[in-house]
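Quick heads-up: it's one chain on its own, the form predicted on its own, in structure tokens.
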């Protein structure tokens, strides 16, 4: 009996047994949808259905339509701006929370996390209230006599989408970077200071190299989420601020052309994968992809 129990316990602790549930979940909720999307991208889509013959026309359309190229460019521009700014702002905040905030660290990080629970659409509509023609900014400028007519460029533009995305993504950057910086102990900074390092040198030679991989991960995550968003552009983007996710949504939900929508989605996945590999390759070449903590 003891041997049986020992054998069963060993089986339950076997790595393959432990990993099987996670693998099944990944297969069901990630790999299977991706495979289906790839298959759809080679089929002819019409009226919310797909059918044969197999075609490459969906990819040709995705790559040649001017509207797709414009939206893809908007996605890249907005994604780069949002990811770069949020990481650049989130890194000092994470540093302050870990090393300087003291007893204020927990309340502040709690407020940051609480802001993420606010409704997505509520926050988007809040920016419409702020940036709209009759919004807070235009009303304040008109009331002070600085403008005679509302500033139309504040709303329904690429700038409006970028501002809203910055607000939506900044809490994620702060939380991710704060979690990543916690293994760095105050002893590391004190040792660098004892060796004569100035604050700028400590940032350049200690903090940034240790945080390079987490910062790259945070940047990639925020870039993917912000550049593929299709809700914010619909409410704030107008004609000039639409992203490629909006076009995919239109293919799937409005025109019912699953083939073209799937082709665009596959191209986005390929683009994100290549970008991820390039970033990881750069970190590996700089020997910053893995940090061994003492």
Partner chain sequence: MQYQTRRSIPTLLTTIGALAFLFVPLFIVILFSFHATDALTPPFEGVSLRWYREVLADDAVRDGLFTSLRVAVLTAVTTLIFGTAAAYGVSRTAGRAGAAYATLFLLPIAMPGLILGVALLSFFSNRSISLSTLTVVIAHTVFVAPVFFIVARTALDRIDEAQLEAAADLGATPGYRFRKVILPQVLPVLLAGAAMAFVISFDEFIVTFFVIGNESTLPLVIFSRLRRTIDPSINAISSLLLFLNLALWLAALLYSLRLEARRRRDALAQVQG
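None of these values were measured; they are calculated from a predicted model. Positions refer to the first chain, counted from 1.
This next part talks about the form predicted together with the partner chain, which is not shown.
- Item | 4.5 angstroms heavy atom contact with the partner chain in the predicted bound form for residue 219 | Residue 219 lies outside the contact set for the partner chain.
- Task: Indicate whether residue 23 is a 4.5 Å heavy atom neighbour of the partner chain in the predicted bound form.
- Result: Result yes; residue 23 sits at the interface with the partner chain in the predicted bound form.
- Message: Is residue 245 part of the interface with the partner chain in the predicted bound form - any heavy atom within 4.5 Å?
- Response: Contact with the partner chain, yes.
- Message: Within 4.5 Å, heavy atoms only: does residue 84 come near the partner chain in the predicted bound form?
- Response: The answer is no: residue 84 has no heavy atom within 4.5 Å of the partner chain.
- Candidate spot 54, 76 and 173, all three in 4.5 Å heavy atom range of the partner chain in the predicted bound form? Answer is no for this spot.
- Item | the partner chain in the predicted bound form - contacting residues of 113-129, heavy atom within 4.5 Å | Going through 113-129 in order - heavy atoms within 4.5 Å of the partner chain in the predicted bound form - the hits are 113, 114, 115, 117, 118, 119, 120, 121, 122, 123, 125, 126, 127, 128, 129.
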